[in-house]
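Here we start with a single chain on its own, the form predicted alone, put down as structure tokens.
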């Protein structure tokens, strides 16, 4: 049994297709199929439900897949530790982020690359559900997400900042001249918001409901990019996280107004999560060290103050 054969099995389970798995492993499809057959022969169990196309793994295959992911994770961790001992961390940092936290990832990744110039970063936009699955399957090293998400199980949490909410509204709109507005007032203006299946929107709806208000947006989107694209028309307003100002700023002709908070302790916390393994990899330790000194909360608070003062 070779590590390469385990890589083939993991790739096949991830891609769900022989040709795509072979491409991911940079081998021909016959080579990948032969490697998996050799693994089946060595272990003396069927791993793949063989047919004209990939139809899934056998129960034995699922058990081997779980161990294969762990073995390959330990291989990667060992390589990172040896590189760290030589004084130069190498490899790939695999980082996930929920879409609403993607806007601040550069505050971490830029500093990480400055400290570890031989490391490359793979950054993916993932749902909170995908984050949990990918961490459990050793497919990502860490992720940025809401830390109060009840789906987070078996992880270690490292807070980075607390979301604060603003009404981004046209400069000639009814709320633009105010220093702050209530959530009930915000619900009355024409809105563009994220879709209800996103955690950010569900948080906003809870704040609206606390003031017996209901937001009825004219447009809902599942990306922050799409939300800002509509705001550029000057027709709509939106409730945004202050963290989005880092990437998108304030469109021309608009201004931000602070939304009144009934209780600052209710601000949702966003941070890093890593799998609660008995031992962290060198890559994860390096990321957490950078995150601890990145000053994400202070940077975002200073940016918010500058925009409100202006």
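Positions refer to the first chain, counted from 1. Since the structure is predicted, the reported quantities are computational estimates derived from the model, not experimental observations.
Heads up, the form predicted in complex with the DNA isn't pictured, but that's what we're talking about next.
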Could you work out which of 59, 253, 30, 249 is the residue within 4.5 angstroms of the DNA in the predicted complex, going by heavy atoms? 30
The DNA in the predicted complex has a heavy atom of only one listed residue within 4.5 Å, and of 266, 279, 67, 53 that residue is 53
Residue 2 within 4.5 Å of the DNA in the predicted complex, heavy atoms: yes
In the predicted complex, residue 19 touching the DNA (heavy atom, 4.5 Å): yes
Evaluate residue 258 for contact with the DNA in the predicted complex, applying a 4.5 angstroms cut-off between non-hydrogen atoms, and reply yes or no. no
Should residue 38 be counted as a contact of the DNA in the predicted complex, where contact means heavy atoms within 4.5 Å? yes
Which of 279-287, 22-30, 241-249, 59-67 lines the interface with the DNA in the predicted complex (heavy atom within 4.5 Å): 22-30
Residues of 70-109 having any heavy atom within 4.5 Å of the DNA in the predicted complex, listed in sequence order: none
